[in-house]
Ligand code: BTN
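Take a look at this single chain, the form predicted on its own, given in structure tokens.
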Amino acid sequence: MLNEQRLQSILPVGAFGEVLHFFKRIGSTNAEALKLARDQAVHGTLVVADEQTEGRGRSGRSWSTPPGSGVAMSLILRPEEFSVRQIGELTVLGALATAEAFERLGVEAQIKWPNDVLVAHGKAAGVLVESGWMEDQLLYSVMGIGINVLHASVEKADEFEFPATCLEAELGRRVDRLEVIQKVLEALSERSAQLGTGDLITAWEDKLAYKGEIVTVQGGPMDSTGKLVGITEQGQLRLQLFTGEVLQIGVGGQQLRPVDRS
């Protein structure tokens, strides 16, 4: 069972979770965190829900969390704690920390550019960063992390464009969601000091799914297919076309998919 009392027993972790907002049921933890941020909630404020009914991913895609099955959490991050230049690395930070948390639980994880965490080639987690601005001034950012923990969290896996899985399926045992949250926050706390240093990008690339394989990137100005050769220092995807040209593709609404060459 996930409840406020159990969560408080592990918090705070570093700068995260000194202030906790727990909900049995909510539409979206990111929407709630954005509202709290507009109301001047402090850096590190944590929003967690047992059930999420209107969660969202990139490009308006949905991410629901049935009750008692997964992790739906959002963190409020203030620019006083990091530079505006580092905001582009927040998705990197979230995906890398989640992948490393999985490995501490005993399962190997990879990152599908730019924000999904894969286990055994199935999507087990996603990261969504949203920010509030006043003209060119960053006011706050919210990092949302959704994780499929138990089997019930992927009951509707056939509705996803990309195969889904969960930690319970890959570990072969029940997984305590509290432990998952704690390990994600620990990894976030450790890795956040590397924002802007280049070390995050290096570690992210080491876990990059499909590196050296043929992939297609859909949803940009035009679909592109080629060999995934790596990531730039700015987090752009490096894709080598069949002509030999190497494209650098920035993070937008694109979706990356492996190409079955068989």
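Position 1 is the first residue in the sequence shown; the rest follow in order. Note that the structure is predicted; figures quoted are calculated from it, not measured.
Although it is not shown, the form predicted together with biotin (BTN) is what the next lines describe.
When biotin (BTN) is placed as it is in the predicted complex, are N30, Q52 and K123 each within 4.5 Å of it, taking any non-hydrogen atom of the residue?
Judged in the predicted complex, N30, Q52 and K123 all sit within 4.5 Å of biotin (BTN).
Just to be sure I understand the contacts: of L96, L77, V149, I145, which is the one whose heavy atoms reach within 4.5 angstroms of biotin (BTN) in the predicted complex?
Looking at the other structure, the residue within range turns out to be I145.
Position in contact with biotin (BTN) when the complex is considered in the predicted complex, options I111, A72, L167, L185, heavy atoms within 4.5 Å:
Only one listed residue qualifies here, and that residue is A72.
With a 4.5 Å heavy atom cut-off, would you call D116 a contact of biotin (BTN) in the predicted complex?
D116: contacts biotin (BTN) in the predicted complex.
Just to confirm, W63 within 4.5 Å of biotin (BTN) in the predicted complex by heavy atoms?
W63: yes, in contact with biotin (BTN) in the predicted complex.
At 4.5 Å between heavy atoms, is V92 in contact with biotin (BTN) in the predicted complex?
Because no heavy atom of V92 falls inside 4.5 Å of biotin (BTN) in the predicted complex, the answer is no.
Would A101 count as touching biotin (BTN) in the predicted complex under a 4.5 Å heavy atom rule?
Because no heavy atom of A101 falls inside 4.5 Å of biotin (BTN) in the predicted complex, the answer is no.
Counting any heavy atom within 4.5 Å as contact, can you tell me which stretch out of 103-111, 187-195, 174-182, 126-134 lines biotin (BTN) in the predicted complex?
Careful reading of the contacts points to 126-134.
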